[in-house]
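Before any questions on how it binds or moves, here is one chain, the form predicted on its own, in structure tokens.
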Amino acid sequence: MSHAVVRTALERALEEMGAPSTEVHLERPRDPAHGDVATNVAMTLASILRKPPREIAEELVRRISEGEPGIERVEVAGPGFLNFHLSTDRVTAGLREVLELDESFGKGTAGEGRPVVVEFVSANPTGPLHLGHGRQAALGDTISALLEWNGWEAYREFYYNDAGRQIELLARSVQARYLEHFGRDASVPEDGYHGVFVIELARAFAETAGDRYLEDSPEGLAEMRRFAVDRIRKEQDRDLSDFGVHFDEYYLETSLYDEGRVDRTIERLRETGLVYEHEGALWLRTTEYGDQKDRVMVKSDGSPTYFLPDVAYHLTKWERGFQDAINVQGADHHGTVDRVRAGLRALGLPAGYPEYVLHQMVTVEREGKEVKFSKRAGSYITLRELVEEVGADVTRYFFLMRKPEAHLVFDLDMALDQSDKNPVYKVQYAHARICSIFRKAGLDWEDVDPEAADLTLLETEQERELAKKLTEFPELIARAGAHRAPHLVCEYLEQTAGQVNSWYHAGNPTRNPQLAVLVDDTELRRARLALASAIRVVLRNGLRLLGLNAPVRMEKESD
């Protein structure tokens, strides 16, 4: 791959110079005339080596110019930029690798098979999934896929908060609607759940239980709690499944109490000498590990705070063999990061465990105005409603195409547009158009033999640039995985699709027969079909990694 060749050459030259280990940032110059790959590494090392960046760059050029496979020449530009021009052999070798590896193209080995648990969604079973849960589902599932593509063994986990005050409020809300169903006067608690979904739960409960629980009793409330949590869990699972998201483990908060893990965590923390009592509550001195203030573990009434089961739960991850753990959560969890890590450090776990990816909220707009409310949930739009309106692929892509830490405005008008203006369709159309070339040729893509094609015949600037773009895919996947950044894959696919669509339309047999793929020249035709097949591999692999379909036909596809 192009970046790999340049990175190897630079790292060798820097080592020979005695330069300290440093991250080498590579990028493609905006102007192809400036080369295939550029870097500012000489400028980043100037203060460390105490030399002018241009002098460092010129020394790197001398060392690399001695003969590096795959690099035609290296030039110094401006104050110390290095521009690399790749050899034709390197570009064609990269294309052959795309075709030979096929479904494995882009996969790496950085994880070395190590296990990593990725926790995401973890919604309270108190109502339908909202758009924040949806963004989290898309991010968590795709980060897991990126880790798998980079050689990790990713384990997807959903933590159910099926205990505590919110569950009690849900049960009381269902109880009120249940009594109303039978004509009794009742009201939902002010801070309870008021959406239509609670009425649906109460009616369903009435169908199974009849009027047996019209009198308030612990037994009746417990039955309503169990029924409501079970129904909502099944609904959430269905919505996630329809969204293409599946989990390896559903971990229940109640199991932490049932198995005695919360009590054992308290005892282990007591042994550290960091636990103390104050005003009847049990505290942990988390400030010893960088937290802003000490945290209450058990309140004066004997009930645990959220902090305690959170520490107990994350301790189970470590004890289950996950020395690497990633939590994908909303930005509202920012305040829990330091306290959970401090609690775990008190138990002997390493600093920085677990890793957090925090995402910002989602707002939906139509015609430039925010859409806020749902008929069913009342105060928010549900994930199911959005998916039913614009489709799972579009919803998932839109949730992924911005940095997690950036606020996401979900533009319904763009999402419903089925033209190239919609970034999802832009990429999917590009894939479908390439597939149409093979239909016109009466071939399957498996019929393309990379060894039989003379790829040096791909001489137009468009073809060369496209070929180089395709070979960047593995480096892109490695970078996106390392930074937990699915949006980088979206950006790459959109850029690649733009080049593909331009190449496809430039080769319109009516307008530019000499640029068409299916030309009369047998050798050139074979080379361009090989390029088309490589395009199909990269677009398909990228779409599948994001959890999207790679269609071979689309309704409005223009052959």
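None of the values given here were measured: they were computed from a predicted structure. When you see a residue number, it is the position in the sequence shown, counting from 1.
The form predicted together with the RNA exists for this protein as well; it is not shown, and the discussion that follows is about that form.
Since the chain is shown here on its own, which stretch among 76 to 84, 137 to 145, 381 to 389, 218 to 226 would lie within 4.5 Å of the RNA in the predicted bound form, judged by heavy atoms?
Only one stretch qualifies here: 76 to 84.
May I ask whether E180, K234 and G244 each come within 4.5 Å of the RNA in the predicted bound form, counting any non-hydrogen atom?
No: none of E180, K234 and G244 comes within 4.5 Å of the RNA in the predicted bound form.
Just give me the single entry in L347, M414, V188, L252 that has a non-hydrogen atom within 4.5 angstroms of the RNA in the predicted bound form.
Looking at the other structure, the residue within range turns out to be M414.
Which residue, Q323, Q292, T109, S104, is the contact with the RNA in the predicted bound form, using a 4.5 Å heavy atom cutoff?
Answer to the contact question: Q292.
Is there a heavy atom of D420 lying 4.5 Å or less from a heavy atom of the RNA in the predicted bound form?
Because a heavy atom of D420 falls inside 4.5 Å of the RNA in the predicted bound form, the answer is yes.
Against the RNA in the predicted bound form, would I437 count as a contact residue? Criterion: heavy atoms within 4.5 Å.
I437: yes, in contact with the RNA in the predicted bound form.
Is there a heavy atom of R12 no more than 4.5 Å from a heavy atom of the RNA in the predicted bound form?
No.
Is there any non-hydrogen atom of T316 lying within 4.5 Å of the RNA in the predicted bound form?
No, T316 sits far enough from the RNA in the predicted bound form that none of its heavy atoms falls within 4.5 Å.
So which residues in 164 to 185, when you check the RNA in the predicted bound form, have a heavy atom no farther than 4.5 Å from it?
Residues within 4.5 Å: G164, R165, Q166.
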